[in-house]
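Form predicted alone, single chain, as structure tokens, below.
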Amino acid sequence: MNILVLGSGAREHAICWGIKKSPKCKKIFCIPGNSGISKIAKCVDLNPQKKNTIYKFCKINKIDLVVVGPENLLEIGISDYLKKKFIPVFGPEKRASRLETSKLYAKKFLKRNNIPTGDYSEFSKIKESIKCISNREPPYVIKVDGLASGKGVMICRDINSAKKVLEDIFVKKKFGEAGKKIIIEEFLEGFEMSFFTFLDESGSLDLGYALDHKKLFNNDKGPNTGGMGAFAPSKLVSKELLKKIKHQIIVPTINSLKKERIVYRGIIFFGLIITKSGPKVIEYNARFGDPECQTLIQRLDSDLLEILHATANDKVKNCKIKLSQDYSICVVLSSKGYPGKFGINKLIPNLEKLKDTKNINIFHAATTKKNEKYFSNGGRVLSITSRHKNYKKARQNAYNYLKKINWKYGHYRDDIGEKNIK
């Protein structure tokens, strides 16, 4: 098969890497891709948001499957468009993607279908928002309704920081259109986990879980980011807990989608918090997580392309998942200053000397290549992902690579996977 992956981050690099291993993969293209992806796929400098351009590319290059990576492409309906042109697509259509693209829509879906989640209130004006927090005890959970690259959730420990966040949203328009509406949500105590399920009209197939680290600094301090690392498996996740997640959240979600006649072909990401009273949904995402994708795909011993193609063609019920028992850890190397202001075009020394091995992968998120040297081109720059049967060795290998890169303009957490691992 000829495959086209849409996107340019470490998630897409990991997807391309997984697809490339399949004996069914003939050619793999990535639009627009990045300098790391270009080592395993043909990267094409086209705008993935121009639907007709993508369609023409698919026809010329006889593409058998399009895999949509980022959520912004799902929001504009790239899957709907290509599907109408009879091109198989892995990635849900626009209506189904609203589970991610609108926090408010997702909350209403959860509540009307009695799927466990926190209570919330909806606001579109600063005055009513401030009145709400004034009548509640901290901490306050404030979420913008629309897409915000993983940075649209703010947990405020006191009323003054909450008021500042509301001012940023409504007065300074920090999040633009995404912040026209917000929700103020019940603060839930527990640990977070990300669970992934392939879903189509024929059935579903659980990929498994990873634990993500969203805060910028060690010990979960600082602002939210798109994700600073992930790992799996974890000693906190028992078989009993997985059964509860399946019966209380995954099955009811799938049944509710069918009941509401929402067609879903792709992967559904359950952002969960595990409370004393059981698992609850914090959010849905309509695509692979980043960096969870890097962690999970490295542990996947099944044919990824076979599963993606089957899902796009309503045949996922015929597939099986084989996950390695090995530990996998992904540590994100970001530009200093991220998720705020940061410099780009900074030389990343030694990167060209480091090679992927059987169990260690450097997935590129935001790099460019000039004269055989790599330079930064964004906030999250690299994902160092390591797999090993011993969790200490998996962590050690990932951090050894980061030390070898020795990037003075970079930042990473050095506690990824330190806690909660077997």
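As the structure is a computational prediction, the values presented were derived from the model and not from experiment. Note that residue numbering begins at 1 and tracks the sequence as displayed.
Beyond what is shown, the protein has a form predicted together with adenosine monophosphate; the following relates to that form.
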| property | result |
| --- | --- |
| In the predicted complex, the one of D326, D200, D303, E185 near adenosine monophosphate [non-hydrogen atom within 4.5 angstroms] | E185 |
| Of E177, E122, E192, D314, the one that lies within 4.5 Å of adenosine monophosphate in the predicted complex (heavy atoms) | E192 |
| Contact of K163 with adenosine monophosphate in the predicted complex (heavy atom, 4.5 Å) | no |
| Any non-hydrogen atom of K215 within 4.5 angstroms of adenosine monophosphate in the predicted complex | yes |
| Contact label in the predicted complex: K143 to adenosine monophosphate, heavy atom within 4.5 Å | yes |
| Proximity of R265 to adenosine monophosphate in the predicted complex, heavy atoms at 4.5 Å | no |
| Partner-facing stretch of 242 to 250, 75 to 83, 343 to 351, 151 to 159, counted where any non-hydrogen atom is within 4.5 angstroms of adenosine monophosphate in the predicted complex | 151 to 159 |
| Interface residues of 23 to 51 toward adenosine monophosphate, as seen in the predicted complex [heavy atoms, 4.5 Å] | none |
